[in-house]
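There is one chain below, alone, in structure tokens, taken in the form predicted on its own.
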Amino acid sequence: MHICRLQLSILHLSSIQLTNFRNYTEQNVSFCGGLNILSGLNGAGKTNLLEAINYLCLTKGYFHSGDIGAINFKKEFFRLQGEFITERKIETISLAFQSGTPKILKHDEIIYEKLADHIGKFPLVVIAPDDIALIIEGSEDRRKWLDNTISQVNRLYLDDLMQYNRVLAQRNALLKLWSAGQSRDEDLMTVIDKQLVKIGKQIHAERKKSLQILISLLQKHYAFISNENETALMNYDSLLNESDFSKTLITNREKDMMLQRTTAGVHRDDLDFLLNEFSIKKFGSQGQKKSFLIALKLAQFDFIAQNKNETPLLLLDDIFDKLDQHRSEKLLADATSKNRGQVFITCTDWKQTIISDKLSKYFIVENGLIK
């Protein structure tokens, strides 16, 4: 099963240069526009290459937090540069970071004033073993996934998120001052609450609209992967679904002051993942959870592709080592289809045969060297 697409343009990372990035000191690699397979032992640097691609597309890492840790041992900086081929032209993206200074991101040698201006220009989707946290861990992981998905296609949404977080930080700072005994400025709190409510409602509306599309895509992909008569579903759990956000903030002020944080708002939203109306987190088998995760990520891919009329890069990190043969074959069939554009796959066995009609290129990764 593949979602029907009409003449999507193909985003293609043609080459990448890594300098002092994780276990790479200096490395230049050229990729094909179809399937790129990176094989090597654990720790060789396969995931680090995918991390570098994520930096170039989204300005930060996917597998590790913090930029300092991305600098090669005993070095003072790292630099990445990628050549992207789009329907429009060849575009160069470079990102440099030195400890103690802000990251410098350039698009065709023009420095971005704000890193957020780059988000969505070169979309990508990552599927990795640790993504199972989306299913089994807390709400923060699921909100981040949803926000990442929408932000790659809607810049206004990203702006709202950043503004909401700034206002939320102001409100929490004021609550801490009140808790410490400072005289209460109710008028100031009212102004902050109005700002939070306005932006929160905009975020809620966009999440709700986007989820209607994502749910449909999820159901189609889950049916393809699982071959089972089960219905996959996402419920949007938000205070704003049924309650008045403004009134709730007023009602919660005393509690919020004692806790020194805002206890209601879209920053507390969650997604309930269900199979046949039962929580997959509580009642799903390991196989069901993995199938749901894959379907969720492929739904994310299609959502971005449909909204941007362009295929995102698809990065699969050692995913086949964690799946049974049936799910591996289903994911591989989907990932290597002509609808997926450029795909990067890492694996530990270079003899692993991946049959695909896509143009393919194999790489061997050994101790920070790519051959």
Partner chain sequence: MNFPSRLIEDAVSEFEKLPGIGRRSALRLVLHLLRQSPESVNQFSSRIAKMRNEIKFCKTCHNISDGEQCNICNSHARNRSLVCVVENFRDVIAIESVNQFNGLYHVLGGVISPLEGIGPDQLNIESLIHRAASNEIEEVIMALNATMEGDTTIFYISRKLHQFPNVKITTLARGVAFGGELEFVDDLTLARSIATRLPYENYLVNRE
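Source: prediction; values computed, not measured. Positions refer to the first chain, counted from 1.
The form predicted together with the partner chain exists for this protein as well; it is not shown, and the discussion that follows is about that form.
Only one of K209, R166, K255, K247 lies close to the partner chain in the predicted complex, with a heavy atom inside 4.5 Å, and it is R166.
Though the partner chain is absent from this view, in the predicted complex it lies within 4.5 Å of a heavy atom of just one residue from D185, E83, D237, D147, which is D185.
Across the proposed site, D117, A173 and I192 without exception bring a heavy atom within 4.5 Å of the partner chain in the predicted complex. Note on the interface: of 158-166, 277-285, 262-270, 127-135, the segment with non-hydrogen atoms within 4.5 angstroms of the partner chain in the predicted complex is 158-166. In the predicted complex, the partner chain lies within 4.5 Å of some heavy atom of I199. When the partner chain is considered in the predicted complex, A223 lies well away from it, no heavy atom lying within 4.5 Å. None of the heavy atoms of I213 is located within 4.5 Å of the partner chain in the predicted complex. When contacts are judged by a 4.5 Å heavy atom cut-off, I71 does not count as touching the partner chain in the predicted complex.
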